[in-house]
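In the structure tokens that follow, a single protein chain appears in two forms: structure 1, then structure 2.
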Structure 1
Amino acid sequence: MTKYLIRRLIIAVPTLLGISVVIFVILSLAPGDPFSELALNPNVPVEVRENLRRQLGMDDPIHVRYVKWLTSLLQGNLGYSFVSRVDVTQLIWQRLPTTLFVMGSAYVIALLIAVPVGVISAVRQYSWLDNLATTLAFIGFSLPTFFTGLIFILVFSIYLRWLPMVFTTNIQATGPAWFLEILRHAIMPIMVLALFEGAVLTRYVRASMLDVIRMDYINVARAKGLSERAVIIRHGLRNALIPVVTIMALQIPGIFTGAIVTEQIFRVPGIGSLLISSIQLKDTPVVMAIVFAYAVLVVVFNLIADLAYGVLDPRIRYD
């Protein structure tokens, strides 16, 4: 497996390099100028605007700008925000904890929903429980998160007035009261993402479990006198989760990208809302850093999925 890991890491380098070139070229050719507002301001002389462009290297050829950006990236410097006037790394680190809290909580809840529901649905195939779970799962992943988010706001914020419709971290409280208030603000975006991801994972768990419980070794385990609970959990679920774990690893980058819409709906001050605002303000260094980070996540978690499959399934060999 070590040789396979080294080989995949070597392949990942030109892959990420090619992705960075594509992203950089697209963003460079996109219409718009971060200094367009300065051009409309009569109090800002043309010389000052041209000076800023020259200092930031915006008038250099595209290949020169890319080499400068790549060199800075390799040195751990993600650039300087045109709008916020601070390092991009600092901006991302300010928003990252909120995104990880919302996304991590949503994925944990999704797993707690998907695994038991998927197992029960498979074991009791075609029962009313299976039909109900299947129907709810289809509804869950058919509805986009922006639609579900608006429904949540309409019901819980406007009609019932139980929860705030806008997420905020500026809470004047300490200790348990602060945590409960943060949870109150975060519960709607967490549940919107959890229901969507839980519905998707439920379908995978059910399908995988249906394949496993028809295997011969399950019948052998029953013939040995093991209880149905032991057969399902120790022999069935353990093997059914092998493909599910790899799918989960592949879906984690999708959670971050899918959270962009959810963060906009609930005004969550996370990475997704930072990306949208940076696109609107033509803040290219921030957009480039976040989009490239998403690309890195996809490549890394694809590698993790492949390795996890080999670890969980002894039939897979990477030699």
Structure 2
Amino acid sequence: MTKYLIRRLIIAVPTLLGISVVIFVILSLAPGDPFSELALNPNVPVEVRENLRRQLGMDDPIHVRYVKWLTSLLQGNLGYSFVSRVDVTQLIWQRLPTTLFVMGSAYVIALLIAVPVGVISAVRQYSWLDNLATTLAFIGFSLPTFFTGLIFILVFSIYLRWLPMVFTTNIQATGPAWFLEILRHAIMPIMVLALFEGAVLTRYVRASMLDVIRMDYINVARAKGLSERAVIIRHGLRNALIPVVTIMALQIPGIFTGAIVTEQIFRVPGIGSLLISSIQLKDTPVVMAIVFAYAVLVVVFNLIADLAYGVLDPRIRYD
């Protein structure tokens, strides 16, 4: 297991390097200069500007700049924000927990919806329940997250006045009251994401379960007199979940898309909204670091999915 983990980590390195090259090339090809603002400022003399450029290495050839950037990246130094002069690493660490909290809870809820619904749908294929679930799943993943988000705000914040429109983590309460407040703020962004992901996953759980319950070993389990429940859950579901784990890993870049949109709608202070605001402010180091952070998260979650494989499927050998 440890050996396998190490090997997977080593495979992840070229992927990350590749991603960093892609991002760096895109940024370098782009016209526009963070110092153009300075150029418009008559109070900054030309020599000062040129000195600054040289100091920051803006005039070096592209491969030199890449190596410099990568070296400081490996030392955990992502540079400073052009706008707020704050360490980029610090900025990201401030925002990351909120993003992971919203995304993580959304994914857990999505699974809690998708697994039972998908299993029931498959076991009772073509029943009214299955038809209903399949149709709802279709509707669920055809509804864009930004539209669901607006509908939620319209219904729960504007008409019913139950929930606040804007997310805040700054809550002045303790104990159960604090938890309730968090819930009130976080439930809409989380549910928007969870419903979308739940709909996508339901279809995969159903399809995978349909494949599995046709297998001979399911008949064997029934024939030896196990209860239907044990047959479906212990023999069926466990096998059906193996391909679903792959799909979940492949879905992760997609969830980031949803998370950026929800963060924007509900003004969740996560890295998604930081990305949008940095793009608007032309804050290159922050933009670059966040895009790279997303890429790292994708690789990390893929790794977790690979390891989850082993837990679910004892046939996989780690050598």
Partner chain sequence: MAAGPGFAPAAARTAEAVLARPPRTLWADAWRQFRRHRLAMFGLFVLSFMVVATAFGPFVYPVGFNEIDMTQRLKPPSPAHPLGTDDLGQDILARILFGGRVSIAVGLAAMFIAVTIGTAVGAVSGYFGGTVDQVLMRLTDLFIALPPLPLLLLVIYLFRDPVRNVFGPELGIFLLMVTVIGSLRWMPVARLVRASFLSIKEKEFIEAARCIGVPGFRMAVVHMLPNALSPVIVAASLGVAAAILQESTLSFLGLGFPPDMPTWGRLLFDAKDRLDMAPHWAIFPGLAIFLTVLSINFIGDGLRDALDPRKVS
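Quick note, the numbers are simply positions in structure 1, starting from 1. Between two forms, the rigid core is defined as the largest C-alpha subset superposing within 1.5 Å. Everything numeric here is computed off the predicted structure, so don't read it as measured data.
One chain, two forms displayed separately, with the form predicted on its own being the first of them, structure 1. The candidate at the hinge, the spot where one rigid part hands over to the other between the two structures, is 77 among 210, 77, 127, 109.
Two rigid parts account for the change between the two structures, and C-alpha superpositions put the rotation of the smaller relative to the larger at 13 degrees.
Aligning the rigid core between the two structures leaves the CA of residue 303 offset by 4.6 Å.
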